[in-house]
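In the form predicted on its own, a lone chain appears below as structure tokens.
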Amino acid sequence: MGRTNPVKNPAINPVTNPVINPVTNGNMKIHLNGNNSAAWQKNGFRNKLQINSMTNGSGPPTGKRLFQGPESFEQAPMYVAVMTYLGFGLVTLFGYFRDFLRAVGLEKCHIAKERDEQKDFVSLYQDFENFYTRNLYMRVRDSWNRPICSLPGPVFDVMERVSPDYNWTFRLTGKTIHNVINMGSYNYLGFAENNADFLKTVAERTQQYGLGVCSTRQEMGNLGIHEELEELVATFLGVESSMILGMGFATNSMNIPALVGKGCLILSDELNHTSLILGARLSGATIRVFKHNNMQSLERLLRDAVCSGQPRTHRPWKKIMIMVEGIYSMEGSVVRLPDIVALKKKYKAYLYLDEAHSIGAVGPTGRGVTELFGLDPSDVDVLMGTFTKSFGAAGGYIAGKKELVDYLRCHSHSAVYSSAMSPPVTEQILRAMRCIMGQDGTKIGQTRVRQLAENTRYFRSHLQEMGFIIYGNDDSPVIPVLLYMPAKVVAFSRAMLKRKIGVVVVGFPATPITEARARFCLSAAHTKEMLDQVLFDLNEVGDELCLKFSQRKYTLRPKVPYHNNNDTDFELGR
């Protein structure tokens, strides 16, 4: 049986929070045949809204507390796990057999190996470490790293490639697969666009400042638009101050070592992103891991840390920092922030919140999980986020109290040594954030936030009704569809591309060995016709490959209508 995390008093709304009840049977039929002829636009939104001023465009709104939707992590039947282990066992067995053929010279080995004249040297390549890459990944490598040749908007173009040697090398054919529906990019609000009207200010900034600054901000690279963006980010989040950085990954990995060190304790969620893990390891602090979103596990570690102190000496920890994410990008789950804030206050710990996937994507006005739960942003000691997803740009930010930000400006390696953010990238973030806040004089930004929430609910509810096992929270635009078996992962990716749908598939070691999946990322730029086409093809592929493992059956009660909140439409690329 699966497990569901219930919530108290969820807001029941047939559009934003549909009530989904299990029934004895429920089969979904999507009346859509062949390729939909809807007008789709590769360059993002084509706005038809009248210019209207927003009445509230400055900091996050205050009001009654909001509640997150339910989360589901249904377990697959036992036979699925058995077949998954059997599949990995078979490919491993054949991998050893092929290694034997290579050793006796009957099969050519294309992977890097030691030269004969260096046989007495310390080995640079460990043979067994490459076993998985050599024998498993190479056979299915065509499902990843596919080259695209257009804007990665709601649809894109994919360059066709073939391999003459079972994916060891690829050759481009010169052909292009046009109008592939993009279900994998983190383009949550559709700001990855090339509309000339929207990008006019970005072009002007490029002409004014150029593409690069060629200096750190502490030296000659501090521009007025950098400080302008930092003030806007602080206002958007409702905090005292913020600091922007040119790389999202380094925002975590290079700032955490400046906050904690030897004698400090980091309590990290077991599913935290690699950038958080790397930053924690570089800091030299002691790291302890708690079970994902499990408050009993976290409190047990907190209680032990406070009561026992450091190992051997039992001295109190200098700092105890809890590190979590807003939305976990591989699970689609949302952090249980109110519970974590309560524990943080109870045990006098610090809280580091990574909102890379949640800022802009959740909350009534796109201000992340603090707004989703109706919490005061000051309850979070360190707010981190990136501009690479909802804002269609690059880089990241650290926000919080002014003392924190001023300290990091002097002690963070990424602030002191990295090049300043590119001017056109800075302007793109300013443009997108002002649009979300309504400071551009339109309601386009808020309309996109609402449309993303609508698309998320619509897509999730229909996937459940079809019988797929999906993970995550109802509010999360990241929707993992469980595929489990390694052969089905590859077959699914290839079958969807044949139907002109681009998907991201993920398997071991990026996921647990029995939980390979396809990860769908919804966007406000997706139209109902696009989503219906994807659902139609998913229904067919799910039947062909036997991917509908759910033992629950769902129906929508009441039926979830689809509202095109954004008054935008799409057309084929100009």
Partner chain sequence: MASGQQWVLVEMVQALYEAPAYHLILEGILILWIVRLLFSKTYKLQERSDLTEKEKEDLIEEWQPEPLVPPVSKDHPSLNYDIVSGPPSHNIVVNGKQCINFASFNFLGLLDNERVKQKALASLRKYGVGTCGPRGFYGTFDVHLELEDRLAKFMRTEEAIIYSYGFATIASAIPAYSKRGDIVFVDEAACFSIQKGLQASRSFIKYFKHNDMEDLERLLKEQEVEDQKNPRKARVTRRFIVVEGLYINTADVCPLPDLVKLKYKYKVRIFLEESMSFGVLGGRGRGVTEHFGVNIDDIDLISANMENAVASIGGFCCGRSFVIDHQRLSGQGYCFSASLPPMLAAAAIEALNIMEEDPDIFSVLREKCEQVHKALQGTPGIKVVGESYVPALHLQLESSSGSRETDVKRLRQIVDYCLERQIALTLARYLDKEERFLPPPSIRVVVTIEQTTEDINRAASCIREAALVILK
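Residue numbers count along the first chain shown, from 1. The shown structure was predicted, so the numbers you read here are calculated from the model rather than taken from an experiment.
Just so it is clear, the following notes concern the form predicted together with its partner chain, a form of the same protein that is not shown.
For Leu545, no non-hydrogen atom is located within 4.5 Å of its partner chain in the predicted bound form, even though that partner is not displayed. Interface residue remark: Phe156 is counted as part of the site for its partner chain in the predicted bound form, having a heavy atom within 4.5 Å. Among residues of the shown chain, Glu107 is not one whose heavy atoms approach its partner chain to within 4.5 Å in the predicted bound form. Not displayed here, its partner chain is kept clear of Pro164 by more than 4.5 Å at the level of heavy atoms in the predicted bound form. Residues within 4.5 angstroms of its partner chain in the predicted bound form, judged by any non-hydrogen atom, belong to 278-286 and to none of the other stretches in 278-286, 437-445, 234-242, 451-459. A single residue from the set Leu430, Leu301, Ile177, Leu199 has any heavy atom within 4.5 angstroms of its partner chain in the predicted bound form; that residue is Leu199.
Put simply, of Arg336, Lys500, His292, Arg146 only one has a heavy atom within 4.5 Å of its partner chain in the predicted bound form, and it is Arg146. Each of Cys307, Pro316 and Val425 places at least one heavy atom within 4.5 Å of its partner chain in the predicted bound form. Residues from 322-357 that approach its partner chain in the predicted bound form with a non-hydrogen atom closer than or equal to 4.5 Å are Met330, Lys346, Tyr347, Lys348, Tyr350, in the order they occur in the chain.
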